[in-house]
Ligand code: ADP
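In structure tokens, one chain follows: the form predicted on its own.
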């Protein structure tokens, strides 16, 4: 006789946990290395066995200091091994790691730390002058100083290395937790108001890591050498520290040395197979490298076959072509702090295997297709789903298990989330029949001239395709007749010279109509950057109000 009872899963009810990544690294990859560059440009080496032991000591030390489950532990650190230990040691003790953006002003950092109610702080000794500007405005009960410079800290705060050396973690037990418990939090850039806190869970972080490590994306292996130039305080360095720990990949942290010469030097010391960074960093690197080929051809070598994931802003096709000449393929990724952050990647789908070279580069300069577990739609101005035909545009909206559904201590607002629970990204795009997203602009950066939209991203990419242009950013300026008109801010390569007519001729040659061309061109020594390395368009609009 057949039973009428419903079928149930026979799988073990084990919660997803990033603690598994730490245990796996200690058990399977103990001899693999983590290298950090110190402020004096020397290198310090650790193995994953060292990191495993030290991370558990950190967790025990925080517990001994009175950390309670859910307490926020802030980090004010560069990219290095101690920051990696914080990624795992703080959640292991039941705390929530909160990465503070060291490039913000002291007042901004203080506001964010207070909004998050940070109870503990782990800070690099070289950043103590910054801390001293705002610590009296915060409620840190314990400040732990990382002797990153190599000198033992003797101030009133706790010394990180001394704390670890005095802590026995032999019998450490991970804090009890559920997979939905928080492990870390990051704050948005706050370009249109106060920054907002995004809180990630064990579950969301594990799923994001598993997706990122897939072959079409990071394609991470234990034999990889990973070079995370993306700050660890920005969207968890795109999640790569979790992936590297899970797979046991060798990590090479640049510390505070992010100038092109320093990054190239670091690449000679430990040639990476995977590197991550924002476009502006990569622009400076390739320009410095190619200039050196003319005068010091043997100074540096770019690692042949290195994979590079670039994101945080639109990646110009010219940048992709520049690296391709040296055997390095750039993959563009798109996402936000709210999305953990990986949402789309422009990877070479099989249907494009026989595409022309021009088509391959065109697609590489797109944001790419959604990664697994992410649902993506384009909503037009009328609230309808736009067709995936590569023509219709609208706001990108996403949902998924590592997409935020709210902000820390902020009521859900209609301009941030749709009525049916999708995240409204504020990015405007089209999607083609292959599922490839083409970002047109941020909603706040689109230029509406005489009732017609002009894409600042398209103009920027076209300008940066010119061999004499190093960087370009386009913003809207007020216009009595047309409401808004484009202004192009351009940085020329050393020794180059271009006049306004040459720039306009170049854009017309690239297919732009006369009404789309900028009314003004400003030649700058450099384009201002945000705290995460993106072009600071708000600052440009302030510099050129009309």
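All figures in this text were calculated on a predicted structure; none of them were measured in a lab. Residue numbers count along the first chain shown, from 1.
From this point on, the text means the form predicted in complex with the ligand, which you will not see here.
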Testing 241-249, 334-342, 115-123, 264-272 against the ligand in the predicted complex with a 4.5 Å heavy atom criterion leaves exactly one stretch, namely 334-342
Interface check vs the ligand in the predicted complex: of 287, 468, 418, 189, the one with a heavy atom inside 4.5 Å is 189
The one residue among 220, 439, 306, 164 placing a heavy atom within 4.5 Å of the ligand in the predicted complex is 439
Checklist line | Exercise: residue 254 in contact with the ligand in the predicted complex, heavy atom 4.5 Å | finding: no
Just to confirm, residue 314 within 4.5 Å of the ligand in the predicted complex by heavy atoms? yes
| task | Check whether residue 537 has any heavy atom within 4.5 Å of a heavy atom of the ligand in the predicted complex, and answer yes or no. | result | no
Is residue 532 a contact residue for the ligand in the predicted complex, using a 4.5 Å heavy atom cut-off?
yes
Within 205-241, the residues having any heavy atom within 4.5 Å of the ligand in the predicted complex are 234
